[in-house]
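One chain follows as structure tokens, the form predicted on its own.
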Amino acid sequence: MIDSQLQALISAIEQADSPARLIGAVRALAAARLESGIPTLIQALGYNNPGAAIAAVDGLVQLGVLAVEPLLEQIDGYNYGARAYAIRALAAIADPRALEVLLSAAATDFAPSVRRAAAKGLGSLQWQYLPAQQCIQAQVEALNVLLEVSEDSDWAIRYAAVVGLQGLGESAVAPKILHAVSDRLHQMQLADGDLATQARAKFACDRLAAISNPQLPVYC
């Protein structure tokens, strides 16, 4: 039954003869939440149809941890649009197995859309699934990349770094990490060359100050 359902959903995608029908077919596959449909959803990330790609991202996120390994194995090294959508899906699922891919993408990818998605994703990983010592090291690696990204010449990438830094600060497991995050956000609040990024940094500072453990002071 599942095999026939999957085949019908995939056939609808393959036979779609308009952008709207393609979007509808991908949405239908996503709504079915079939693990066996993951490869087709990943393939849809590379279609020249943003609506279909977004529907595929939504479907992959709904499938959660089941989609992580296939996404990591099939990251598109040539189609930066597909790569950006894959990074968005991994960031939303927030599985720490994606850490190395997000670190590399945020630091070195040539596509700004990929770097922005990865920077935001580094702040939202579910660190609690890592052993304590491994978690600290992983957060330090994320911090170092986000600090580097926060000095990028592209204001939109710096803005994404602020979002990532806020998320990292909210989940920091060591005082040194929170202090480094808050120090950098304070600097950006005062001196970033873009007003929107300054304002976002101030929001992040205020947020961290509001939720901070009293024993982990925030210097914003």
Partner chain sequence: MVDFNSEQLMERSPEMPVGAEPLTADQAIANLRHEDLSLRYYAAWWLGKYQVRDSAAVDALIAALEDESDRTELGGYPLRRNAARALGKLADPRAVSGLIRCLDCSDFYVREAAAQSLGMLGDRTCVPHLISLLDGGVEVAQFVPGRPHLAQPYEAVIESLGALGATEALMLIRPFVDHAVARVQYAAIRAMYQLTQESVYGERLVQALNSNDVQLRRTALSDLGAIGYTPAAEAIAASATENSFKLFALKGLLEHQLRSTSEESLAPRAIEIIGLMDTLL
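Numbering follows the first chain given and starts at 1. Owing to the predicted nature of the structure, the values given are computational and were not obtained by experimental measurement.
What follows is about the form predicted in complex with its partner chain, which we do not show.
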**Prompt:** Of 188-196, 36-44, 55-63, 167-175, which is the one stretch near its partner chain in the model of the complex, taking non-hydrogen atoms within 4.5 angstroms as near?
**Reply:** 188-196
**Item:** Answer option from 117, 125, 90, 142, heavy atom within 4.5 Å of its partner chain in the model of the complex
**Value:** 117
**Request:** May I ask you to check whether residue 160 falls inside a 4.5 Å heavy atom distance of its partner chain in the model of the complex?
**Result:** yes
**Asked** Using heavy atoms and a 4.5 Å limit, would one call residue 156 a contact residue for its partner chain in the model of the complex?
**Response** yes
**is_contact(residue 21, its partner chain) in the model of the complex, heavy atom dist at most 4.5 Å** = no
